[in-house]
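Coming up is one lone chain in structure tokens, specifically the form predicted alone.
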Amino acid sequence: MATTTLPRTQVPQLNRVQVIGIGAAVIGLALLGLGFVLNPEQFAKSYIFGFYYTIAFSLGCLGFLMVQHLTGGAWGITARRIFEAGAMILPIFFLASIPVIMVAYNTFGFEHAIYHWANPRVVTPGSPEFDPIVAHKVPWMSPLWFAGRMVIYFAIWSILAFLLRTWSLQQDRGADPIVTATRMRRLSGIGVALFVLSVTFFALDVGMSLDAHWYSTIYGAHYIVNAGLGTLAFTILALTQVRQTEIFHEHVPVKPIHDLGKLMLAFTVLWTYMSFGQYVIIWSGDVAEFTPWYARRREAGWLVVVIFLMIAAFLMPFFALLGRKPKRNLNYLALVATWIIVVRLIDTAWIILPEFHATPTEALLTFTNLAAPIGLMGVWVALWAFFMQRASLLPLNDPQMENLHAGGHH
């Protein structure tokens, strides 16, 4: 096993990706700023949507990074630096969570709090607006506890991302590969448990609590699967930018590409199972507090989105990824991955935006709903490209590189 110091990545395509990200960030955030001036309340609603969508990619990167350390495999070592770069954005994106915390505190002074539970009149006995169901969830649903949990979430994610990245780079600089690999594996074992719990509660806080009466025990797991599917799709697109480099030509066979395609198919099926399972359980239960969430998403045009998702989020990628040969073609996988990322945005919109808009047409015509994910994803992509260029494209000194070489080139 080589222990030479590895150089940083110098890939012109990544510079181009970074420029595109910066351009999208400038345009999106400028439009979002205009939206704040014109309608601060709509800005806040759109920002929550954009933040909830964008942060999922970093969370997916962190999750897959830890799974890779625990399980090994050619697919993981091929994509490790992609996962590390995405995970390293989490400490920075804590800043992006501050507007969401401000919304929870109703810092902007909206007449009607976006998070219903943040309105003191709703949880104060004797108030005309008193809601006993929401009041029962205090103090868990309160601005102070919301902010405190957000700090804890990002602290957990940031520590995990920082340590895994640091030890991985130490391998590149010649540190004992067995010792560093053991550290990363042990941390990942603890980290996966913390990750599942923290991401589940994060999804409940930011997304599910927009309707303070409704809850689903599958909601957090559904968000994790959503994040995983989007991350796999992004990973495929990222590989198209580095596949032609010398280091990839020398070390990466077609097998890990095939494995990532299979994972993308598996997560497509898992997303479908969880989405349909949640619906069947809640709708057949017919509980007055639960069914209105779905009722809103079947009315006033939202049912069209449901039908679209059935076709575009399941049937199309499922059949597109069934064959063995297509999953071994990176360019073909990139087309499917692009489609999946767009559909992830539409799925997230269907989950979040009916809380704010009566119809999908109204949601679509609200320009900040497009500006927020474009702007925040632009920032995310630019940061990802930056971190990708701070290390070698492959951790060549890691013992798991043997798994990659064992895969063959055919």
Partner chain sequence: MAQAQPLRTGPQPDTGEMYLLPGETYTSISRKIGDVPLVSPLQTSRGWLLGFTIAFILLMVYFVSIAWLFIKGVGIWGINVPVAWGMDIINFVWWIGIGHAGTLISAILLLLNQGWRNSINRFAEAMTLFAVACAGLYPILHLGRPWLFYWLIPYPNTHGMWPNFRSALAWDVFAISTYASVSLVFWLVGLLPDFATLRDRATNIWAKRAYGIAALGWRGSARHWHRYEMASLLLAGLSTPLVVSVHSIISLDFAISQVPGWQVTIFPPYFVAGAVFAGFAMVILLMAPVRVWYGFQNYITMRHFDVMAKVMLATGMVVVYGYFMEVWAALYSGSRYEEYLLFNRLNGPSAWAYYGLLFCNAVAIQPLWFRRVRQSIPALIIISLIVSVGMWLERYVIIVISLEREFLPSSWDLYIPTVWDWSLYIGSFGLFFTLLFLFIRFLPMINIFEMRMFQFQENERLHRRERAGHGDTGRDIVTGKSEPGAAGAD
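None of these values were measured; they are calculated from a predicted model. Residue numbers count along the first chain shown, from 1.
Form predicted in complex with the partner chain: not shown, discussed below.
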Quiz prompt | Contact test in the model of the complex: Phe130 vs the partner chain, heavy atoms, 4.5 Å | solution = no
Quiz item: Leu345 near the partner chain in the model of the complex, any heavy atom under 4.5 Å?
Solution: no
Practice problem: Verify the contact flag for Gly73: yes if a non-hydrogen atom of it lies within 4.5 Å of a non-hydrogen atom of the partner chain in the model of the complex, no if not. | Solution: yes
Practice problem: Report yes if any heavy atom of Trp293 sits within 4.5 Å of a heavy atom of the partner chain in the model of the complex; otherwise report no. | Solution: no
Quiz item: Would Gln170, Leu237 and Leu394 all count as contacting the partner chain in the model of the complex, using a 4.5 Å heavy atom cut-off?
Solution: no
Quiz prompt | the partner chain in the model of the complex: contacting segment from 245 to 253, 152 to 160, 304 to 312, 139 to 147, heavy atom within 4.5 Å | solution = 139 to 147
Exercise. Answer with one of Met316, Ala113, Ala300, Met208: the residue that has a non-hydrogen atom within 4.5 Å of the partner chain in the model of the complex.
Key: Met208
Quiz item: Using a 4.5 Å cut on heavy atoms, which of Pro120, Gly174, Gly189, Gly323 is close to the partner chain in the model of the complex?
Solution: Gly189
Quiz item: Within 339 to 377, which residues have a heavy atom closer than or equal to 4.5 Å from the partner chain in the model of the complex?
Solution: none
